[in-house]
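Below sits a lone chain in structure tokens, taken as the form predicted alone.
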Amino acid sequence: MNGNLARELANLLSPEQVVTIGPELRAALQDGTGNRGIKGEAEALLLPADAEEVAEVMAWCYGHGVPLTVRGGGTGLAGGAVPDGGVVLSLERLARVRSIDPELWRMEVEAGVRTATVHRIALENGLMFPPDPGASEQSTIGGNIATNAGGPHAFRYGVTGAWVTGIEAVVPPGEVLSSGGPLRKNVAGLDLTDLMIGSEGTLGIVTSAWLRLVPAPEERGVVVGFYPDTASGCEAIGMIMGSGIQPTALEFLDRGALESSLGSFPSEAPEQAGFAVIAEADGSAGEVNQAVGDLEEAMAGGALQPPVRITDHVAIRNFWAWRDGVSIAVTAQRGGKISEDVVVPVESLAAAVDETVEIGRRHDLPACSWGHAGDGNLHSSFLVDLADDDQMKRGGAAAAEIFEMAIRLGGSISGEHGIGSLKTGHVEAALGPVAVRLQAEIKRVFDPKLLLNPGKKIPLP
């Protein structure tokens, strides 16, 4: 960035809110895909403190034709926060809890508030904010809204967007938009709130949100079943769903994921397990006791041992810490992985799990998957040495086949991580030309100069 523009930005905000050199700027050039060598370029990192300053920055960028990429906690896994020139706008200083109304089951938070903070504040007030995407200590509400993030408990409770009743956002050329609010119902006009959710910073910048909460459940219980292979494990998933039991989470791990992580499993587990099914129930003590018993019965058929029951609060917390660490355990096998989240109809989950391994075999790479069985959402992963260019190339080719597989099985190319830059080239195959054309037209209505997060989410001619 030339000196004159740098000075203009410093006058617009303050010198300490404009970073043009150093480690802070370098960190802002990548997100959770950095371990795959995906890094961007930007001339400055901007640190506004409120929505008004965000609007001033956007107006300046629009006036000077400067691309603008918004950044939350930097934990994204699709390259959505990796800048392609211009400036990066971080929302880390928009970290106020504007209001908390426990009796009305709602709160308003700014976009930079950490996901874990929202969970903690809700729980302290006897409430729950159900969306639980990974990296909750680093991820932010703004980033979760931008990607419409999910997590294990999306099976029962839905993804982030189901819990957002209103947003404040800055849209080009630098105006503050309010859509929705502390309302539980609102059908006036087109739903701009839903349009902004999941738009990955390509239409505007969400600066705060109204979040819906629910009373925290009295108890929780987890049941884990181990099976010899994918087919028997997916049959157990079908038994659970067909029985009328409604778990809050319904997860799976295939053989490769288990081989990487079972050594630290916090309970008894058979060494020869080829598939694991995890189900959680919540509610009153009586409801959980009933549901856990029903789950054990539904999961017993074909299992290698009686299903593992976990009901102690500390043990449940330790269990989910183990589950959260599966990705790290898999990565450690070769020092890196290329992992894509795709989604298929639940009845096609077994086929997708097995084909992931076969795709890896064709590319001479160890492969495995794990994820959210009830949603048909799997994280197909290929283990690579990040320093081996040939393995990285083969891993990229394998990932492209995963997208093709998901579409062929009637699914889609992302269940919860978003599109970012990594998947933009596959969007037309997933959605079709009519949907792509309409999305491009919507993008131009909001962002006629195409300066917001360019190259992400929406393929443009």
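Start at 1 with the first residue shown and count on from there. These numbers were taken from a predicted model, which means no experiment stands behind them.
What comes next is about the form predicted in complex with a small molecule, which does not appear here.
Contact with the small molecule in the predicted complex, judged by any heavy atom within 4.5 Å, is made by just one of Val109, Val164, Leu77, Val343: Leu77.
Distance criterion of 4.5 Å from any heavy atom to the small molecule in the predicted complex singles out Glu200 from the list Glu355, Asp375, Asp282, Glu200. Proximity to the small molecule in the predicted complex, taken as heavy atoms within 4.5 Å, picks out 133-141 from the listed stretches 384-392, 133-141, 310-318, 172-180. A residue is said to contact a partner when one of its heavy atoms sits within 4.5 Å of a partner heavy atom; Glu416 meets this definition for the small molecule in the predicted complex. Contact annotation for Gly225: none of its heavy atoms lies within 4.5 Å of the small molecule in the predicted complex. Among residues of the shown chain, Gly72 is one whose heavy atoms approach the small molecule to within 4.5 Å in the predicted complex.
Interface membership of Cys368, defined by any non-hydrogen atom within 4.5 Å of the small molecule in the predicted complex, is ruled out.
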